[in-house]
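In structure tokens, one chain follows: the form predicted on its own.
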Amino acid sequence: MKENVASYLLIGLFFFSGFLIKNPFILNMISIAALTVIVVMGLNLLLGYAGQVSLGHAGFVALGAYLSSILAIKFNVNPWLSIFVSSILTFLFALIIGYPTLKLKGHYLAMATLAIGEIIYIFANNLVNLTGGHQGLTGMPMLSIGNFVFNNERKFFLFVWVVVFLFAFLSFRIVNSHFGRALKAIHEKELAALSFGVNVHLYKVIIFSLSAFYAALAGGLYAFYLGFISPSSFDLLKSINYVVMAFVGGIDSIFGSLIVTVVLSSLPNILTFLQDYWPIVNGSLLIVAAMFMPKGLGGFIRWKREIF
């Protein structure tokens, strides 16, 4: 079965499970996991298909969350419009900073993106009049379409999995387009891509910015769903979690990332006794994946399918 069909079926399964699940806690947990899936799908395009590392993606999630919330609370902008505008602004911000940053390679690029995430985190902590500082920001209006208000866990659960489907569809369209094939060429052999006339730097900047757009939109939805955000939700550990999910799922597999992201996002809420040790669990998973499944779960599934 093609990966895109399998992904759509899995997303459909999650969507229809929303009609069966009665527990609000489980609905809430999987909704948050779905928002994380959107972030990881964007990171997957950057890391898996363009071969560029980002250790600061939580910063882009924060930008989407804070900008959309500030627009809605302080300027009375419609929540949907504020989410869209904040995502576009984050895209443009990533475009501007990505132009010089993506001239770096390897661990230099990793350190630069880490710094970007930390700078955004510091601003969120210190611009108290705008962000509320470490005490957080509240007062976001509920999302609604006309008289239909997303005022409970089930409504948002069903909505967010529709959004995941749309972003998965967009991701597969990108991967299978001329643009996606150019990204794969850059990942495999950058010099060869250059020799065939591919504007390598421009392609890197565009996919970096698109990945930031994914993250910002998820951040905006996160803010309006919970009605509260604080800098602690967007720290370095969160960025590392996104990278672990993308790598363990398979950096060139949207299907594998989808499964792993939902599982790893949900487990800390189920195994509460491990919450304080979750960075250790994440690190262990990364080591095990690197040793036994270097191409992640998605690569492992492909390998098994080829054998059988």
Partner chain sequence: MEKGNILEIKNITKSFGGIRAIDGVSFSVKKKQIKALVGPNGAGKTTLFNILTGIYRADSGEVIFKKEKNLFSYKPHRLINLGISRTFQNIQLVDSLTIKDNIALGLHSAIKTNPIYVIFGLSRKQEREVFEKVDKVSKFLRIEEYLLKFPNQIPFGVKRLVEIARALVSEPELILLDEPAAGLNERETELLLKSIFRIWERNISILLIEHDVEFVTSCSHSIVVMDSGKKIAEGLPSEVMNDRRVIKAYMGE
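Residue numbers count along the first chain shown, from 1. Since the structure is predicted, the reported quantities are computational estimates derived from the model, not experimental observations.
There is another form of this protein, the form predicted together with the partner chain, and it is not shown here; the text below is about that form.
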{"query": "Three-residue site L89, K103 and I116 fully in contact with the partner chain in the predicted bound form at 4.5 Å by heavy atom", "finding": "no"}
{"query": "Residue (of F156, F93, F167, Y203) lying close to the partner chain in the predicted bound form, criterion heavy atoms within 4.5 Å", "finding": "Y203"}
{"query": "Position in contact with the partner chain when the complex is considered in the predicted bound form, options L71, I97, A182, I120, heavy atoms within 4.5 Å", "finding": "A182"}
{"query": "Which of 222-230, 105-113, 187-195, 144-152 lines the interface with the partner chain in the predicted bound form (heavy atom within 4.5 Å)", "finding": "187-195"}
{"query": "Heavy atom of S177 within 4.5 Å of the partner chain in the predicted bound form", "finding": "yes"}
{"query": "Heavy atom of N78 within 4.5 Å of the partner chain in the predicted bound form", "finding": "no"}
{"query": "Contact of R173 with the partner chain in the predicted bound form (heavy atom, 4.5 Å)", "finding": "yes"}
{"query": "4.5 Å heavy atom contact, N199 to the partner chain in the predicted bound form", "finding": "yes"}
